[in-house]
Structures are given as structure tokens and as C-alpha cells.
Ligand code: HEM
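Shown here is one chain on its own, the form predicted on its own, set out as C-alpha cells.
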């Protein structure tokens, strides 16, 4: 595209509507306007100039404010939909993985839950499509900012003191009249007193202050881009961890997303309000709501394996810390924090049975089944033994004749066993659950009789690590600086030109707060005897109002 050559001889980039040198209007549309279009100082924006190549079309798409607002609306709608059902981190499942989560949403919420899980709404803020939308918003902010910042910066940096009369009289604040010969000297003196930066050139004066406020929106954008970058970095391994770990007393488990670190739970302790002594004030409340936890904590030992160890190897674990984890008092190490978030009391750990004769109740021996690591066979001596054919920690019923387990947690353990005795050398099959025994192959002579159960407490821990917090904080701080910069300050400018015969042209412009601009101008006018100015925007509004009233009157007469 060819450059636009102004009558003053200056060559302007394609798309410019006000000459960069003298300020003349370069288009017929602009020439017909009462007031000059001072957005971006009338300079050309790339998105409004080029639209041929694929790069131009992509640039123009992302530079559109409508596109940016559209992406924000989609993100807001998605965030709103994500609150309809609980997010995955708030779902109470024993083992948090894709299979259990999918089953949970399907079982609890039906078809809606299946769709919810399929669309990734259950873990929305970490889903691929949500992060993609955040990335698109960041691209839109970058492109839109560059599209507007570059021409505005170039225009403000190269401001001219002397402007054409047509530029002056198309400003909202305009005056033309006689003034003393020393008007520029006095105006300069007063404007400097009001903290304006004053530039003189021949018979003209340009005064401005608060130019930095024009960069407020772009500082906002920089802050948002940094903030969104922090959000996207949460998808990068090692930057953000938010995992749940259930650990039982006496158990040692690897810490999720923390390679080489292990936790051992030595003991879980819970204290409740008793309503006695100093707690008598809470007696009525306790009678009303029941047991209330006063404190619960897990006595934990942190281990670390050497870096050269194979993944999962625990032979060379070295104790790093021994600490008690309480609510809001986490265990901290290597950027990680382990919080006490939940607990489960009296979880089954082992069950003891007697192998007895159903008719005589005579016992042939006792066996104890470890519900964490059950054995395949239990030898009771005297020719009696019990083989464990199947173990179902959380028995949920039969499907096609096969026993099923809902979870790997021993909430309702079921056992498929074959019992051998001297009287029944071929063995008898029995399926045992709490308070019930099923004999699928017919009546048995022997049975396993429940004797006792061993329980233990389980702690629900949350492992967190967030290296993006400083990035998010920096982005938020820069964003607020931009808000203050653009909201509480404004860019004010005055052009004063002394013509032949003592005539003076005055023009003023600001991006906002016209009252403040007029207040400054009143002081300068009084001190330097400037001609009386008019607010041409008010005249335009009055004329439009009058035309509207005349049109209404004409319609009524007809």
C-alpha cells in the first residue's frame, strides 16, 4: 500500500487519518467531522491497514477487542459451569485416579456426571481446553497491545509543536483571538508552575503532562500476560502440585509428585471437646451437634532416597524429618507442604477367624487375614488349611456371578476361600462377608467364624507445591499499577500558536478529566491573557439536541 502524502509534504503510513507532521485530516470522512479523532493520535494501526496475507488475517483476528472479550466470556461461562458439580479435588474417593473419578461422577450424577467428566469439567482449571483458552487470551492481549501501543508510542514520541489551523480548530477545547505579544512567555511561565513540560518552536508552544497515564492499559495487559503465564506454567511438571495422599498408621508411602520422598505415619491422634472444665461454655453446643474435633494430627516421619537410587527403591531411605502435622501447621520440605486435611477412624486392618465345625462348633484353628497384604494360604496345622481364592476389599455385589469390589479400601471386605480338613480333603468353597456366609457349591460341613477385627486410623493429607505464586503475585502487582496509572492520572496537552497581527490560536486535549484540563487552562488564561475558549463538544451536543427537538416538532406538525 502506498504512503499518504499530506499537503505539507510529509509521507504518512497507510491508514493514517491525521498527518503526523501538521495534523491535517487525510481522509474525506475525517475532514467532514467537527472534532478530530484523537484515538491513537490519528495514526495507522496494522490491523486496520493490512488484510491480505494469512498472517494479516490472524493478526487482525487476535487484535480485535471483540475476540478478546469473547474469549473472556467463554472462560467465565466455563468457570460458572464448573461450579455446578464439585471439582475433583473436593470429591471424597479413597483412591484418586481417572477410573475412580469417572465411576464417582457416573454413579452419583448419572448421565450428567458422565458428560461432565468427559468434557474435563471435573478438573476444569487443569484441563487442556481451559489452558488453551487462557493461552488464546494471552495471545489476544499481546497482539491487541502491540497493535495499539506501537503507533501510539511513535506518535507521542514525535509530537510537533506547530500544527495546522485545521488540527487546532478540530480540538474539543479551542480559542482564537487577540493576545499580548508576551503571551507565549507568560503562558510558558504559568504552565511550568502547573508542572507541565513545555516545548517552544518558533511562534508555537506545546505543553503536556501525565503522558505516562496513556500507558496504563498496556501495563494492565503486561500484568495480565504475566499472570496468565503463571497459570499456564501450572501445566508444566514440577511447577504446581496439588495431590491427595491417604496414609494409614504404620504405613510408609511415596509422596505423589515428589520423587524420592516417602512418608511414614507413626500415629494418628484426635482430640475432641468434652464439655468439661474450661469447655463448659461449649456444653450446650456439643449436646446439640455431637462430637466436635478439637485437634487432629499425624505424627509423621519423612524419608528420602539417594538420587542414584532406582525409582521405588526403599532400601536406602534416609530419615529427613520427624514432625507432627496439624491443621494449618504443615510439614514443609524442598518447596513442598504437606497439610492435614481429613481423617478416617477405625479402618479395618486385619480380621481373625476360627475354622469351626458347623454342628459341634469345635475349632480346628485360628487364622488372621491382613487386609493390606493378605496371604494366599493359611496353614492351621493338624491337616487343616484355608486357601484365599479371592479378596474383595469393598465388596459391592455380584456381576455375572463374579464378586465385585467398589474400591481398594477395606470398607466391606469379602473373601472367597477353600477350606481343607482331614474330613474334607477335597476342600469346601465359601464366600464370606461381614455377618454373612455364602456357600455357592452347596452345604458345607465347616465354616469360618468371625472372632475379632483390628483397626487403625487413616490420615488424609494434601501435598502442595506452587512455584507459580511469585509469577502470579508479580502479574497482579503490575496489573494494579496499571489500573492506578490509567485511572487516577490523565494526559493533558495545550497548543498555543501566535499568528501575525497578534492573533493567537489555542487548542487543548486530554484523554479524560476535561474538568481538570479546563481548570488548568483557566489559570493560564487569566495569567497570560489568552482568548476565551469554547468547549466544542458541548456545542455539538447542543446542536444535536436542538436538531432532535426541531425534528420532533416537525413530526408533530405533520
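Keep in mind the model is a prediction, meaning the values are calculated, not measured. Residue numbers count along the first chain shown, from 1.
If you look for the form predicted together with this ligand, you will not find it shown, but the lines that follow are about it.
- Note on contacts: among 76, 200, 84, 487, the single residue with a heavy atom within 4.5 Å of this ligand in the predicted bound form is 487.
- Only one of the listed residues (34, 512, 518, 57) places a non-hydrogen atom within 4.5 angstroms of this ligand in the predicted bound form, and that residue is 512.
- Contact check for residue 474: no non-hydrogen atom falls within 4.5 Å of this ligand in the predicted bound form.
- Among residues of the shown chain, residue 340 is not one whose heavy atoms approach this ligand to within 4.5 Å in the predicted bound form.
- Using a 4.5 angstroms threshold between heavy atoms, residue 483 counts as touching this ligand in the predicted bound form.
- This ligand is not drawn, but in the predicted bound form it has a heavy atom within 4.5 Å of residue 72.
- Just one listed stretch, out of 397-405, 112-120, 362-370, 215-223, contacts this ligand in the predicted bound form at the 4.5 Å heavy atom level, and that stretch is 215-223.
- Annotated contacts: 125, 258 and 467 are all free of this ligand in the predicted bound form [non-hydrogen atom within 4.5 angstroms].
- Contacts to this ligand in the predicted bound form (heavy atom within 4.5 Å) from stretch 37-65: 39, 40, 62, 63, 64, 65.
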